[in-house]
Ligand code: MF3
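Just the one chain here, the form predicted on its own, laid out as structure tokens.
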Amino acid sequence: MVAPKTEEAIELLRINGQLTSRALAEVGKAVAPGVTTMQLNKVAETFIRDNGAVPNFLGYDGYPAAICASVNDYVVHGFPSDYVLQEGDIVSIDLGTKYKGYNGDSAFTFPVGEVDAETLQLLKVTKESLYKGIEKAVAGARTGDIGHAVQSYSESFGFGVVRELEGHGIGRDMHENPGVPNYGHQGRGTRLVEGMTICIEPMITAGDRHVYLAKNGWAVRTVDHKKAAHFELTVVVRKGYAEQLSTFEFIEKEVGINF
């Protein structure tokens, strides 16, 4: 049984969720052809620290940066580097904060300049599948209901659903129980109770769903090297609905991305 959070804890998670959302938007403003992913890392870390928090990814199990920057066929956990973003690339930015003992965690996949129609559909469907999952994050449902919603929607477009990685609970630790898979069967998995806080994060591939771990022990890439997209939001389970603690509204309003 996963204990629900108090309203006081949820408020601190909400503050972190808003900060991660604003940090993602700041990074999004900087995404452009000619920019390196290490430059994006600096934007995120500076913004997070300037707002009184710390980047919780930095040093997590030895992770060397404030963000994960996963380009094209990198699904998640890509290291920021001197790689220069190119027109038509996509880059998943995953980042988090720690403030007053609680954590934030969110991700968004940004197009770099103009992308082709198939890539744009991948981004759109992955983001929409996240909201399909959020709709199922209600008290009395199960994690399998979330996973089934994400999987059935994404696969209806012919995309692959990564099985080796999943969403998670969040609180004083960035990764808590329960695990929240992006595939599964309705009515199975951990039962959701009011006040439970979870991160839902579909990882969807343009081709085959199979992935492999890169030599650095962190980055996950598609086996067929087709592109992958990743979106993540934090929610609190309520009776009849899921309350979002993080949002893409800052990206939509300030960066002008709304697919």
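When you see a residue number, it is the position in the sequence shown, counting from 1. Keep in mind that what you see is a predicted model, and the values were worked out from it rather than measured.
Another form exists, predicted in complex with the named molecule; not displayed. Remarks below refer to it.
Does the named molecule get within 4.5 angstroms of any non-hydrogen atom of residue 68 in the model of the complex? Close contact exists here: in the model of the complex, residue 68 approaches the named molecule to within 4.5 Å, heavy atoms only.
Hey, in the model of the complex, is residue 89 touching the named molecule, heavy atoms inside 4.5 Å? Output for residue 89 is no: heavy atoms all beyond 4.5 Å of the named molecule.
Residue-level question: is residue 174 within 4.5 Å of the named molecule in the model of the complex, judged on heavy atoms? Yes, residue 174 sits close enough to the named molecule in the model of the complex that at least one of its heavy atoms falls within 4.5 Å.
Does the 4.5 Å heavy atom contact test between residue 94 and the named molecule in the model of the complex come out positive? Taking the distances in the model of the complex, the answer for residue 94 is yes, it comes within 4.5 Å of the named molecule.
All of 57, 77 and 232 with a heavy atom within 4.5 Å of the named molecule in the model of the complex: Judged in the model of the complex, 57, 77 and 232 all sit within 4.5 Å of the named molecule.
Quick one: of 148, 168, 136, 98, which gets a non-hydrogen atom within 4.5 angstroms of the named molecule in the model of the complex? In short, 168.
In terms of non-hydrogen atoms within 4.5 angstroms, which of the given stretches 58 to 66, 41 to 49, 221 to 229, 208 to 216 touches the named molecule in the model of the complex? That would be stretch 58 to 66.
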